[in-house]
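Read on for two forms of one protein chain; each stands alone as structure tokens, with the labels structure 1 and structure 2.
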Structure 1
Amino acid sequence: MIRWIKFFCLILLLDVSGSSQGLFSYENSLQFADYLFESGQFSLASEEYERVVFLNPHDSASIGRLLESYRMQNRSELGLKRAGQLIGDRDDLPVKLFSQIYYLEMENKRFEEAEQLVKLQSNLDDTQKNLAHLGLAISQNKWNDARSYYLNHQMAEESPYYTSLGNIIQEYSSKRKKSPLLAATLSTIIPGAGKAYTGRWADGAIALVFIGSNAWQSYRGFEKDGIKSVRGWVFGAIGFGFWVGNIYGSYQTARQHNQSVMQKYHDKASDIIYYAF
């Protein structure tokens, strides 16, 4: 009889432990975390992956997704911190996990660490290594470095990612930049011309109209009442303000134009790098 009672107790114990673990077991949590991640609920997913990773610290795929969910929430700083705590040894990581740490390092502007990380990997093939190097150069806006690196590392059988990244780099390098000084000079001579040069035709036209009409008003004032004309001075001052403003604005617009062209290519390149791994 005692034997039977022991047997029942064992069964009971197994069942109960099974059921209480059930929902929160490693496998189920992982499944649920993947569901949250794939349905785009990254904040909930990161909480769940934290537990998954706690239950199985060797699950590198989940660590990768945990880091990615932090990144998707724009919490790269926390992501990088967790990467430091969860991953002791940074060499020879699985490619997926490597890429997440690489992105986090770049988003935290820790370019040297990222470069170090790339050097430690032996799981990356040549294309991936080259892509990682180009990505680093571009995120630091070192376009010339990127270009010469690409030209020195062209490969016989390139992946489409690598080719299109190379194309983007070369396209940007051949793009004509606008000179801020030329824009300012043009606007000094003909109001609004500098703006037109940077591609902002409407801004230039409005500036020309504003400056022209104020100058004309001022001229009429002075013509009528001489040097004491209030109207002459008021419109003159406003017109002068618009003129100086336009010169300064043309200089700034040229700079911003170059900046935004670079940003456009930077974004295009980032899209490729973020897909490549």
Structure 2
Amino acid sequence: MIRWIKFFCLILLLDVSGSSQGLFSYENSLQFADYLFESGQFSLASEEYERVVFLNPHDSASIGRLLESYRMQNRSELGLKRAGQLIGDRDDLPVKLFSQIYYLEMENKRFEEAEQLVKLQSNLDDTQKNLAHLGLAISQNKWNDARSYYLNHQMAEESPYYTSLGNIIQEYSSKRKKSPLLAATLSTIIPGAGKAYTGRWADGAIALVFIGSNAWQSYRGFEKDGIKSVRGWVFGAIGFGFWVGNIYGSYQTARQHNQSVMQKYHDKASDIIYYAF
């Protein structure tokens, strides 16, 4: 009886061992990793893709998904590190794998490395190469370079991505920017005018009223008590301080306005660049 019990235990152990090996096989691990990725569980997906890549180091599609998983977790530095460990020769990579390394290089502001990576890819078509070059220019906020490149690389049959990106570049280039120097000059002449010039009318009105009221109180003090007027000096100092601050603030507001507009178009362009490949 004991012999039969041992026999059935051995059969059960072998069956469980076989099932376990099947569960963690390359095919099942890949299927599970894809499920995790598609369901947005990028942290778990990266762990599972690490297993898949370990089982098959030549699976370029899984390497690309692994790098993308790290990128979707905002762990681009780790993604770039793993790319260096997993990929030796970067010539003529599969497009999907190339795109993930390209994105990681740009997110880490390694623009020269990203540009060199593009040059190594002879299997990219003209549209893909042009998109990559425009992406590099826009990521560095070189909008004039991007516009010049786009105008010099028009194609008979442009892709929707390339056309949309070109429209964004053209629209931003035609957008009127605010001059920080002009904003500061206007606030020097009329307090708050520089803020109004940048579209911040309420701030401009407040600055005008506050500085103007202090100047008036200072004037009244000096008119009444002369040069020794404490009231005149106190309100004059307060008004002067806010006047100088308003000049500097107007300069910065114009710069922030331009930065905000540029960031808006940068984000719109990034939405295209990061889905173009």
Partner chain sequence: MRKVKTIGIVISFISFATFLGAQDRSYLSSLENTFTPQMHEHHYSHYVKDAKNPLDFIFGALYLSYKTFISSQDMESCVFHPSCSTYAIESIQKKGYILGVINAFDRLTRCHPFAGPNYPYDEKSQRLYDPVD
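Whichever C-alpha set is largest while still superposing within 1.5 Å between the two forms counts as the rigid core. Just so it is clear, the structure is predicted and the values come from calculations on it, not from any experiment. By convention here, residues take numbers in order along the sequence of structure 1, the first being 1.
Student: Here are two forms of the same chain; which is the form predicted alone?
Tutor: Looking at both, the form predicted alone is number 2.
Student: With one rigid piece of the chain swinging against the other between the two structures, say which of 258, 193, 51, 244 is at the hinge.
Tutor: Between the two rigid parts, the hinge is at 258.
Student: Treating the chain as two rigid parts, how far in degrees does the smaller one rotate relative to the larger between the two structures?
Tutor: The computed domain rotation is 11 degrees.
Student: How much does the C-alpha of residue 232 shift between the two structures, in angstrom, given a rigid core superposition?
Tutor: Value for residue 232 between the two structures: 5.1 Å of C-alpha shift.
Student: Quick one: CA shift at residue 210 between the two structures, core fit, Å?
Tutor: For residue 210, the C-alpha ends up 3.0 Å from its position in the other form.
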